[in-house]
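Take a look at this one chain, the form predicted on its own, written out in structure tokens.
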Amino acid sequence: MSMEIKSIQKDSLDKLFNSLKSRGNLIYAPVKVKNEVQFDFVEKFEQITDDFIQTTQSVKNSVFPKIETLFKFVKTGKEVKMLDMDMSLIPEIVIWGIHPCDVWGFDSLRAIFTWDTHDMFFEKRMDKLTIIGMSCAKADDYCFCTSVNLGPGSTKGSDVLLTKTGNGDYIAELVSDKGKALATSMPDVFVQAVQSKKEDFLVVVEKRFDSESLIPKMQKKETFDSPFWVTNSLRCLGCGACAYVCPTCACFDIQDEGYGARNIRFRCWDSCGLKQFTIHTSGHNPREVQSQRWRQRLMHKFAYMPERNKVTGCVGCGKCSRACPVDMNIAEQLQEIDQKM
């Protein structure tokens, strides 16, 4: 698919927002809450901030909610009637100002939720999603997107990718058919491209390791059996914070909750790093110590997913390392594996 390039003047960005809002879209954008930046639904353009490196949490809950009702069921005597959810109620959502690493998280989720049985809830939410990405003009020591074949100006997954230039205008790359249709419908916003070199406005993120060489090392039996996992997991608390902020973690639990005769079945986020995740009914736990659970986390992202789903389960955003209360820095550990295994 050929990509088109347009420009958006700094004074026209609010017109884009207002037009999307007037079409009935819910707009999910970064907002500043005290000392953090989080994605939230916004009503006004003025609520949005672009002054951040990373939001604390990812945006995966837009397609994979923290708690999602799968169906309802009603008991009447010995009969049980199942009530499917009305998929038409899933709203049209625009994710505004999302960085390229977070955008690529959707591809990893897609590989999981459509790998075998296609998840209709996930696919419907993805169909209703429009992604307006924003290139990265700054980074910190936790960022390592270039190590997993991405970059601060990567267009992968966006419908439109915006790059802010020195004078405050934006280079607008129309990546998908959805993005091109959006630009066509607003010719007063998406104007003739100005001759600017996008790379001049992107932050430089140094490559920490090579994921292409790391993956086969992770898939070796010697790596699985290495004492590295015990040594590097001694301080892990097993709190699950890393999984809950991650754009690609997709572990979930399914539970029933009853209200007399009326009941729901729902799924909710879970984590393979939590002790209860693998406990059998018998009480046996095949991953009984934290080093096994930490190994599972990294192996899943850099060994199992590349083999089974043909994608890497990490986008190099560094959210997990920022959120970790004991500084389990994933990039440093991957770098060590790449150098020593």
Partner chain sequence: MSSIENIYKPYLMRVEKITNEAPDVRTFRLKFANPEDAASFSFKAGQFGEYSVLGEGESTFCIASAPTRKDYIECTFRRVGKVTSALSKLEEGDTMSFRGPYGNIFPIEDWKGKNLLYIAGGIALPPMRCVIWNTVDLRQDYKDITILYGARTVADLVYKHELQEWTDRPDIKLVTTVDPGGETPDWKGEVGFVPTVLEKMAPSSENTVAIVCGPPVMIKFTLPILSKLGFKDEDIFTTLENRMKCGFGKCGRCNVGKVFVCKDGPVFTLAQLKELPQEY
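None of the values given here were measured: they were computed from a predicted structure. Residue numbers count along the first chain shown, from 1.
Note that the form predicted in complex with its partner chain isn't included here; everything after this is about it.
Q: Candidate spot 79, 270 and 308, all three in 4.5 Å heavy atom range of its partner chain in the predicted complex?
A: Every residue of the spot touches its partner chain in the predicted complex.
Q: Under a 4.5 angstroms heavy atom criterion, identify the one residue in 177, 256, 210, 92 near its partner chain in the predicted complex.
A: That would be 256.
Q: Exactly one of 198, 265, 262, 138 has a non-hydrogen atom within 4.5 Å of its partner chain in the predicted complex; which residue is it?
A: Only one listed residue qualifies here, and that residue is 265.
Q: Taking the partner as it appears in the predicted complex, which of 165-173, 150-158, 100-108, 248-256 has residues with heavy atoms within 4.5 Å of its partner chain?
A: Looking at the partner contacts, the answer comes out as 248-256.
Q: Is residue 84 part of the interface with its partner chain in the predicted complex - any heavy atom within 4.5 Å?
A: So residue 84 counts as contacting its partner chain.
Q: Using 4.5 Å between non-hydrogen atoms, is residue 194 touching its partner chain in the predicted complex?
A: No, residue 194 sits far enough from its partner chain in the predicted complex that none of its heavy atoms falls within 4.5 Å.
Q: So in the predicted complex, does residue 112 come within 4.5 Å of its partner chain, heavy atom to heavy atom?
A: Looking in the predicted complex, residue contacts with its partner chain include residue 112, since a heavy atom lies within 4.5 Å.
Q: Is residue 280 close enough to touch its partner chain in the predicted complex, meaning at least one heavy atom pair within 4.5 Å?
A: Contact with its partner chain, yes.
Q: Given a 4.5 Å distance limit between heavy atoms, list every residue of 108-123 close to its partner chain in the predicted complex, or none if there are none.
A: The stretch touches the partner through 112, 113, 114, 115, 116, 117, 118, 119, 120, 121, 123.
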